[in-house]
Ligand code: G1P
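Shown next as structure tokens: one chain only, the form predicted on its own.
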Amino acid sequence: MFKVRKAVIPVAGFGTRFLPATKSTPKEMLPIVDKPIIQFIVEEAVNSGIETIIFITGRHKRAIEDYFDYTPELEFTLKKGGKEEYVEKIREISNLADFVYVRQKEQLGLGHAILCAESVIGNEPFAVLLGDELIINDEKPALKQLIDVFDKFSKSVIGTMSVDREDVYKYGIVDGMEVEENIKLVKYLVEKPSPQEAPSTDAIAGRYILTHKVFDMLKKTPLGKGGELQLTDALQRLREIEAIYSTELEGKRYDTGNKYGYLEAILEIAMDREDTAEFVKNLIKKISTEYSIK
């Protein structure tokens, strides 16, 4: 049985919801305090056993490549200033994994982005992590939860989280039959249904383990909603030829692809850090007092 060693992280999107900040800065590079969103995603993958990270990039995402590369000039300056601890910290970022960069020449959806990685993946199973979905679990990373299910069944696994029915239109939705505690055999998938059409409230949470057969299904899948190649549509085809499982992920999820989720992530993660917790608590008290007076 193949081990899950590679992960695909699509990062080619424009991040229009964060304009003008994302005019020149990839949305994945926006910081949560002092660490960019994309580093949280990469660390989750590495802590789950992933060895190779495949970024699906666009022409405006060079900053991501630079971030995970060595920076000799910066290291020299830091050493010269006696800041050796920073040198070690930034060198660790570059050594997290082997990094591969594949250009998505046209933005034709998540499914198309995954298809761009086919030549790098080969016939191995692989992980997919969306670059704006943070799932924080210090005890067991979200991706590791999926890998454990894959190791049991050797089939594709989708990570889900329950959402309110009125929000199902924002997500790919999965319906399935429970076969073990917290593991379902997927029966149906649909991309962004209306609340009336949704077969369940199990939303895909931006984490997948996929078998290589998904590439053939992607090639056979016509463009779907928004004129894009939808991964959810290809998975519905894959389900017809082999089993797919889902598991509800444990952890705190932040959708940093929108401003509210991003702000929530900054505040709550800062509250969990020893170096920023006290300041944030006092700041919230101060702001609450000032606004209550008004």
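Computed from a predicted structure; not experimentally measured. Numbering starts at 1 and runs along the sequence shown.
From this point on, the text means the form predicted in complex with ligand G1P, which you will not see here.
Undergrad: Of the residues P125, G172, G176, P141, which one places a heavy atom within 4.5 Å of ligand G1P in the predicted bound form?
TA: In short, G172.
Undergrad: Just one of I121, C116, I204, M217 has a heavy atom within 4.5 Å of ligand G1P in the predicted bound form. Which one?
TA: Only one option qualifies, and that one is I204.
Undergrad: Using a 4.5 Å heavy atom cut-off, which of 31 to 39, 225 to 233, 244 to 252, 51 to 59 contacts ligand G1P in the predicted bound form?
TA: Stretch 225 to 233 is the one.
Undergrad: Using heavy atoms and a 4.5 Å limit, would one call I135 a contact residue for ligand G1P in the predicted bound form?
TA: The answer is no: I135 has no heavy atom within 4.5 Å of ligand G1P.
Undergrad: Applying a 4.5 Å heavy atom distance criterion, does H212 contact ligand G1P in the predicted bound form?
TA: Although ligand G1P is absent here, H212 would stay clear of it in the predicted bound form, with no heavy atoms inside 4.5 Å.
Undergrad: With the partner left out of view, is K83 within 4.5 angstroms of ligand G1P in the predicted bound form by any non-hydrogen atom?
TA: K83: no contact with ligand G1P in the predicted bound form.
Undergrad: Taking any heavy atom pair closer than or equal to 4.5 Å as contact, tell me whether K187 reaches ligand G1P in the predicted bound form.
TA: Flag for K187 set to no.
Undergrad: Only counting heavy atoms and a 4.5 Å limit, does any residue of 110 to 126 reach ligand G1P in the predicted bound form, and if so which ones?
TA: Residue within 4.5 Å: L110 only.
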